[in-house]
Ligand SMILES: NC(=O)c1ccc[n+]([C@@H]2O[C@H](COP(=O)([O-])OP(=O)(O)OC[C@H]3O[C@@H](n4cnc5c(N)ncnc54)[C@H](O)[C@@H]3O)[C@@H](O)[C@H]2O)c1
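The data below hold one chain only, encoded as structure tokens and taken in the form predicted on its own.
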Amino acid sequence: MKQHGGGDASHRIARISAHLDPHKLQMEGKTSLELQNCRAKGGSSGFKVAILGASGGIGQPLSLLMKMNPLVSVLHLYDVANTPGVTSDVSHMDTGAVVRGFLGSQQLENALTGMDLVIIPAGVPRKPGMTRDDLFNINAGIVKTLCEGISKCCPDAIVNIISNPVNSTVPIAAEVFKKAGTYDPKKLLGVTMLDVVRANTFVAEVLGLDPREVDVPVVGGHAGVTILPLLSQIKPPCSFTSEETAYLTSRIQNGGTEVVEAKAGAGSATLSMAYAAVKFADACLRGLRGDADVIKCAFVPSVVTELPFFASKVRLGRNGVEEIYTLGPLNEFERAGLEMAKKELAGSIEKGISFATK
């Protein structure tokens, strides 16, 4: 059997190690291998995706699921702690995406350069008794800093904001991008997909259907009464009693609190949120690929109502949001809910804008 020289073996080891922590290796002078060459044979073509907050409760399962997505060719995992371990773990999966880890603010720009899609679950989670607004001061600053990096390193990327309160963090991101001169309203999306996932699940339970066969539009925002499921527009078409409508609407609006209380101090909705985030990210990537009729609900810059941001159905394409759909016909219950949602949402949006412009 042919024996390979020690130099060859060292070079192969360097190739394997470089994509896990490329900047550390380069800084220590252990390899001169360029980043673009640090990928295994057989790596698929596709999109470059960064997850900011990859080591957290949402970030870890999100990283796992995005590594499984065949549309992803390069997956950058960034956080301020524990990224090397998450990167090493996820990188062992035998799927096409090459995984690279980035640790700390000094590596943020390297994590973002050249990305097609940036997903932001970074921030602190909700705990029992906390509202999404209680998270504001911490998470608002985190999102502002990360978006400043995006505006500098990948201004053309589609940005998916998960960090709560989404009703405020999306307006913060918009103001950061405006200040940097990189704002494209078509490429900024707040992820409200978990509300849709919950709505589909809870409605399916009541109707005795497979949740995958149910589609409930959820509009408004992503907190409490701003979450407005349009049960009158459900697919397949179905009617509900007033009691069923009230029950389902309340459960969908309070789904996050349901999980926080069930976990009893051990966290918030992380696994279902990661699932929903990946479902939405996949839709964004399919849109970028040019697939037709990719339609999802998202919290976006909007003229559907008098508010500057609103969640409704959007069609995704090569430029991000290609079309924003109107709300369609609402019943009396939904019209009343819309007015409550808008009143609450207006304050949250203004809070975000004020934070970003102060």
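Remember, predicted model here, so these are calculated numbers, not experimental data. From 1 onward, residues are counted along the sequence shown.
Just so you know, the form predicted together with the named molecule exists too; it's not on screen, but the next bit is about it.
Of the candidate stretches 151-159, 268-276, 173-181, 204-212, only 268-276 contains residues with a heavy atom within 4.5 Å of the named molecule in the model of the complex.
Contact with the named molecule in the model of the complex, defined as a heavy atom within 4.5 Å, is made by all three of Gly53, Gly56 and Val166. Comment: the named molecule is not present in this chain, but in the model of the complex one of Val80, Met93, Cys238, Ala246 has a heavy atom within 4.5 Å of it, namely Val80. Out of the listed residues Ile234, Val197, Ile142, Val98, Ile142 is the one that sits within 4.5 Å of the named molecule in the model of the complex by at least one heavy atom. When the named molecule is considered in the model of the complex, Leu135 lines it closely, a heavy atom lying within 4.5 Å. Looking at Pro229, you'd find every heavy atom of it more than 4.5 angstroms from the named molecule in the model of the complex. Of the heavy atoms in His222, some are within 4.5 Å of the named molecule in the model of the complex. Looking at Pro217, you'd find every heavy atom of it more than 4.5 angstroms from the named molecule in the model of the complex.
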